[in-house]
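Before any questions on binding or motion, here is one chain by itself as structure tokens, the form predicted alone.
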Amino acid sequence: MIDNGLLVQMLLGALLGLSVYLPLAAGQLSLATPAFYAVGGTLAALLSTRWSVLGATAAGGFPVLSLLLELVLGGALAGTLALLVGRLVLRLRGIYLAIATIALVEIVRVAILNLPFTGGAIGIFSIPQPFTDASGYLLTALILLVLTGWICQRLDTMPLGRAMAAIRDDELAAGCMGIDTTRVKLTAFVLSAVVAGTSGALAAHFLNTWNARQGSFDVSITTLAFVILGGSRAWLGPVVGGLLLTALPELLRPVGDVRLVLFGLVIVLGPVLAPRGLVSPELLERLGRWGSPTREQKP
């Protein structure tokens, strides 16, 4: 049964799917989402437990305004890291870029694991919660998802979005037309980091605990599966993929350990049965302009 807690996880999964989608919209296969997710969550955990200004009140509560500030700071720190690292890694393309971003994920994970103030392997516990139940997190995550989806939709009509599409189709031709390909790719990379960092800050409070395992290589593969299963042609694809693949393990829990096998089969057979994703071009044509333009992205 789907409860509010699972719905929050599903919405967070959809946000991470969009984080992978944004660089892909500019033709960049980046798997760095878990690194930025971990940075945002770690910052929120530290601010709320180690700094009295943003920490729990004497009554044991946590101000909602402090949560909003942490969401902004988590996204800003992740975006700053992406701005610094992106200038180097975005010189690479294809599988080489994917490997470089996987290395970034591991670097961040090991750093969080070994820093003296992050709790090591145990992590940070008793992160104060601003909401008494999951409904508050559900509303916050839904607002973030709607806002991110709206931004992705608006990109289609903006010069930045058209430049991203041109680079995705042919980067050399886009450069010859006068598009600053480096700036456009870096912008998409930073936007991806901001989405992941903000999601991590919210997830830290929702989970009530945070450690280095939240930003592991496994998360890179899972978030990439969101895009592959849902479809990379429109922003609706990663949202659908993130919602379904996050909910599926819990929905299959009654079958016991077999659920892991079934979950793997879905990931394997999904691209075979739906090569263009669940949000296919044909479906997008029926939905009109709500999902995306009729341009096709290359994974």
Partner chain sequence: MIEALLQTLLNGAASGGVYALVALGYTLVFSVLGVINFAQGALFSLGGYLTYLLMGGRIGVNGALPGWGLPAGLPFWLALLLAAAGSGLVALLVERVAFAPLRRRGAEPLLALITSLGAGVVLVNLLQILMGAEGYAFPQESGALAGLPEVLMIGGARIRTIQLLLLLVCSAAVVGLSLWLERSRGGQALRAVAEDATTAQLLGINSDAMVRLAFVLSGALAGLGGSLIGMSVSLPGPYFGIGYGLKGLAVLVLGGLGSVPGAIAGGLLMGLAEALVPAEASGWRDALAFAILFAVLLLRPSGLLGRRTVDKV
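What you see is a predicted model; the values in this text were computed from it and never measured. Positions refer to the first chain, counted from 1.
Note that the form predicted together with its partner chain isn't included here; everything after this is about it.
Visitor: Please identify the residue among Leu224, Ile127, Leu202, Ala212 with any heavy atom within 4.5 Å of its partner chain in the model of the complex.
Guide: None of the others qualify; the residue that does is Leu224.
Visitor: Would you mind picking the one in Leu67, Leu43, Leu29, Leu243 that has a heavy atom within 4.5 Å of its partner chain in the model of the complex?
Guide: For this set of options, the contacting one is Leu29.
Visitor: Pick from 194-202, 81-89, 68-76, 139-147: which stretch has a heavy atom within 4.5 Å of its partner chain in the model of the complex?
Guide: Heavy atoms within 4.5 Å of its partner chain in the model of the complex occur in 81-89.
Visitor: Residue-level question: is Asp156 within 4.5 Å of its partner chain in the model of the complex, judged on heavy atoms?
Guide: Although its partner chain is absent here, Asp156 would stay clear of it in the model of the complex, with no heavy atoms inside 4.5 Å.
Visitor: Residue-level contact is defined here as any heavy atom of the residue lying within 4.5 Å of its partner chain in the model of the complex; does Tyr96 satisfy this criterion?
Guide: Tyr96: contacts its partner chain in the model of the complex.
Visitor: Taking its partner chain as it sits in the model of the complex, is Pro271 near enough to touch it, meaning that at least one heavy atom pair lies within 4.5 angstroms?
Guide: Judged by the heavy-atom cut-off of 4.5 Å, Pro271 is in contact with its partner chain in the model of the complex.
Visitor: Using heavy atoms and a 4.5 Å limit, would one call Ile228 a contact residue for its partner chain in the model of the complex?
Guide: The answer is yes: Ile228 has a heavy atom within 4.5 Å of its partner chain.
Visitor: Would you say all of Ala121, Pro249 and Leu252 touch its partner chain in the model of the complex, counting a heavy atom within 4.5 Å as a touch?
Guide: Not one of the three qualifies.
Visitor: With the partner left out here, which residues of 244-275 have a non-hydrogen atom within 4.5 Å of its partner chain in the model of the complex?
Guide: Counting only heavy atoms within 4.5 Å of its partner chain in the model of the complex, the contacting residues of 244-275 are Asp257, Val258, Leu260, Val261, Gly264, Leu265, Ile267, Val268, Pro271, Val272, Pro275.
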